[in-house]
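You are given structure tokens for the same protein chain in two forms, set apart as structure 1 and structure 2.
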Structure 1
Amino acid sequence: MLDTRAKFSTALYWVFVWGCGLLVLAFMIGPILLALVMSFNSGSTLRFPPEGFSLRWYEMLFDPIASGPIHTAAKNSIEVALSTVALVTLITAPAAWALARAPKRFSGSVEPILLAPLVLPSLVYALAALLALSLLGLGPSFIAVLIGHAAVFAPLMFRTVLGLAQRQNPALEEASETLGASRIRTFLRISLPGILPGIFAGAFLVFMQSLDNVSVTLFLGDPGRTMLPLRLFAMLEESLDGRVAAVSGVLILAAAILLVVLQRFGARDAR
């Protein structure tokens, strides 16, 4: 009696773990796969199930005349995203590296400031930044978006680099110095390889987030330069243009490829 109950409980356990677990997994990636499927839809509207297979939306998306504005928006957004990654890397990697070695009291009091943007809504920040800008008599511009993105997304890289830098044995750098290496050589040959996976992972996150951000871009962006997420949302809202699905397909593919590359490269200890 007790035995059958125990057996039943164990069976239930595995049904729950595997059954519900896989169900949740499907729930997480289902919508993404659906977006991918829809992008090959041959019909003119985005109904599910799709009417047939075609590459027409991709053709249309890559057509430089029909989709010129999308290309421009993508170019603008990639420009901002790459600049953001560069700026963030420049200020964040050295800071995370230094703070991993700084006295606990110092790093403990500084880290909350550097990590705050992770939990503060970027919308509120965007509003605040816009107010500050207007107070200074400046207008939205490329630089404003760049700085805004850097401020909001820097913690993403800070966290990934800090994690690795903290786990890096400080004796490695000392060993390098006792072996006669200069500070620069020590940094390039010893410290940097240690935190590089963190920089890559962080750069990836920052890039994706910058490319995807709406609120900061919206408030701080130059109205004459359309950015990709705004453009895509306008498309999504104005008419369910199949190109939205095609863009989704491209973005999913990009994310997946980068993810696999990252996994191969050094994600082994990035997280």
Structure 2
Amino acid sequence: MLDTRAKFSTALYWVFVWGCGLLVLAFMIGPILLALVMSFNSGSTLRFPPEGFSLRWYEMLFDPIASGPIHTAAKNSIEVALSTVALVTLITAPAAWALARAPKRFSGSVEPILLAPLVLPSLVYALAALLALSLLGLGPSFIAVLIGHAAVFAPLMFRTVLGLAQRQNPALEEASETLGASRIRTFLRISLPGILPGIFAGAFLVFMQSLDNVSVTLFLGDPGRTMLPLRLFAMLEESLDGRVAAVSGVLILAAAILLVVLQRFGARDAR
């Protein structure tokens, strides 16, 4: 009897785990597959199921004449995203490494403060930042968006770098300094290679989040400088333009390629 109950409990447990796991995967992957399928629609608007298979929306998307505003918006968004990654890397990577070497009581008190933007809704932060700019007599601009994105997404890189920095053996750095290396040389030759995978992983997360962000960009962005997410929203409001799905397909492909590259780099670093 006990054997039967144990088997039943085990079976129920695995059914629950696999069932919930499959539901979560369907919820995460389903919209991605839906967008990809609709991007190959031969119809004149976005619709599901597609009327037929066609590459017309991709051809129109890469046409500089037909999709000039989209190209401009994409260029602006990539410029902001790359600038955000550079700024976050310069500030966050050294801060995470220094906090990993700080006393535990101090680091335990500071770490939740630095990770706070992860739990603060970006919409609330964007509105507060806009009000602060107004009080200072400033307005939305490229610099405002850059600082806003860096403040909101810096914890993503901070968390990945801090985890690797805490796992490094401080004795290696002490040995390097004992043998005559300066602190800067020790950081570049000993510490930096150990946290480099975390920097790349954090850079990927920051880049994708910055590229896709709407709330901070909407409140702090220069009205004359259109960003890709806002442009796509405007296209959906005006008409169900199939190029929106084509843009989604391009972004999904780019994200997949970057993930494969990062995974291979991480595996090589581990070896």
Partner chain sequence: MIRKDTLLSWPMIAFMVLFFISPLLLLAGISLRGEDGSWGLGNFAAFLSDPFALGVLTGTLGLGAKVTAFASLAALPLVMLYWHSGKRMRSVILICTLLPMLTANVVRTFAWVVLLGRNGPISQTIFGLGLSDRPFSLLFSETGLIIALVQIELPLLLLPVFAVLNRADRKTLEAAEVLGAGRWRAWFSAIFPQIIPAVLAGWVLVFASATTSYVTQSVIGGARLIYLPQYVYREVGVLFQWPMAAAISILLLASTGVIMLCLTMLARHERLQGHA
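For clarity, every value in this text was computed on a predicted model and none was experimentally measured. Whichever C-alpha set is largest while still superposing within 1.5 Å between the two forms counts as the rigid core. Residue numbering: sequential along structure 1, first residue numbered 1.
It is structure 2 that shows the chain in the form predicted alone. Fitting the two forms on the rigid core leaves the C-alpha of Glu79 displaced by under 2 angstroms between structures 1 and 2. Here Pro103 does not count as shifted, since its C-alpha moves by less than 2 Å between structures 1 and 2 after the core is aligned. Positional change of Pro121 between structures 1 and 2 stays under 2 Å at the C-alpha, relative to the superposed core.
Taking the core as reference, the C-alpha deviation of Trp18 between structures 1 and 2 is 4.9 Å.
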